[in-house]
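Next comes just one chain, in structure tokens: the form predicted on its own.
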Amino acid sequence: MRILVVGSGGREHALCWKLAQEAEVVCAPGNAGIATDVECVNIPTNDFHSLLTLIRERSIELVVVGPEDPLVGGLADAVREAGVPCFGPGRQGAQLEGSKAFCKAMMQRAGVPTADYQVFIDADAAKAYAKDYYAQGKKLAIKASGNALGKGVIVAETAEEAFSGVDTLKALGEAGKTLVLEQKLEGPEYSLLTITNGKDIYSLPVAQDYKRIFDGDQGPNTGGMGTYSPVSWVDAALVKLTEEAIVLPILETLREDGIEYRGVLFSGLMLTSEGPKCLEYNVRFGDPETQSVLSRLGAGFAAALAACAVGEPIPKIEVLSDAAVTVVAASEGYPGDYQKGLPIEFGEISQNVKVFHAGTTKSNGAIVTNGGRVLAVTATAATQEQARKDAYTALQQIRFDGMYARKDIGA
């Protein structure tokens, strides 16, 4: 089977690495690390015409779209119209991530347990709502409705932080044109990646993500600073409850609107005192959850994605007993401004560790930084404690100026 993976980040590197174990894989545009595992073709993810030409010329049999932007833009629709199976929702289904306001409204219709919320376009009206909310002793999460590349959520501890959050997200432009202000929930978080053929579902192993930039979950939210899998306190019964309360109802509501969703549904979840609640849906594999989850899979992943793409029954995927821990190495200053083009040095990495490239490129023959999250170092071992130790040992073999990583991933 010939597969095209669209994207250039750490998630796409993990997808290419895993799929290449079972198929012939091409990536567009890829990055410096992906190019060490599969062929990369320098076509931007928003150049649909060139991507369709590549699909035709290479006789691609399955397209797997990694990032959300091309999905929101309708790439999956264009690929299917060209007669090629695509793993990823069409433009309408992708609005679950493209518009948080749409997503919350769909959750409400589907009866999905989630935080109470209000939608605002006017900043002053949002601040007035926040002032009243905090006067009641409650707290808010301020969210940009549009896609803000992992920087569109601010959890405000005080009314003043909420006011500042409204201004910060409004400054994002189109992504922050509409804001969602929702109740801050309390409880541990977990991530569930569920692949679907439009009706049937198959959930992959659960992961836990670390969103804040600093140790101890301090500082601003990021796209994710690390993950681990499995999550000991999420048992099979909780996964089943989550599927029944959060995954299946939203897919059924989409079908009621004539939207067939084929791809992965990422459920960002919190286990509250009232049971699991959905914080958000994403319409693509999470990053860096994917790096940990795919490292725990054996055979059958490519066949399962291919089946989902054409609406066929989903074959089982082998799940290994090993634990996985992923630690992200980021550029100094992320999630704010950061420098690019810094040379990266790699030492000797043990065989049970895979370094997935997220923001890298080649310059004058050397691999250099090209993003805020630069690398995702993933270790697998018999125990989480050993995987964590091995990931951090490997991280010590990697250097670039200003490299930053949290020290408490999987602790």
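Note that the structure is predicted; figures quoted are calculated from it, not measured. When you see a residue number, it is the position in the sequence shown, counting from 1.
Missing here is the form predicted in complex with ligand AMP; even so, the following discussion is about that form.
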Exercise. Considering ligand AMP in the predicted complex, find the one stretch among 239 to 247, 335 to 343, 170 to 178, 135 to 143 with heavy atoms no farther than 4.5 Å from it.
Key: 135 to 143
Quiz prompt | Position in contact with ligand AMP when the complex is considered in the predicted complex, options 319, 159, 101, 279, heavy atoms within 4.5 Å | solution = 279
Quiz item: Heavy atom within 4.5 Å of ligand AMP in the predicted complex: which of 221, 197, 147, 95?
Solution: 221
Quiz item: Can any non-hydrogen atom of residue 310 be found within 4.5 angstroms of ligand AMP in the predicted complex?
Solution: no
Quiz item: So, in the predicted complex, is residue 119 in contact with ligand AMP at a 4.5 angstroms heavy atom limit?
Solution: no
Practice problem: Evaluate residue 184 for contact with ligand AMP in the predicted complex, applying a 4.5 angstroms cut-off between non-hydrogen atoms, and reply yes or no. | Solution: yes
Self-check item: Partner contact for residue 189 in the predicted complex: ligand AMP, 4.5 angstroms, heavy atom
Solution: yes
Quiz prompt | Partner contacts for 104 to 124, taking ligand AMP in the predicted complex and a 4.5 Å heavy atom cut-off | solution = 115
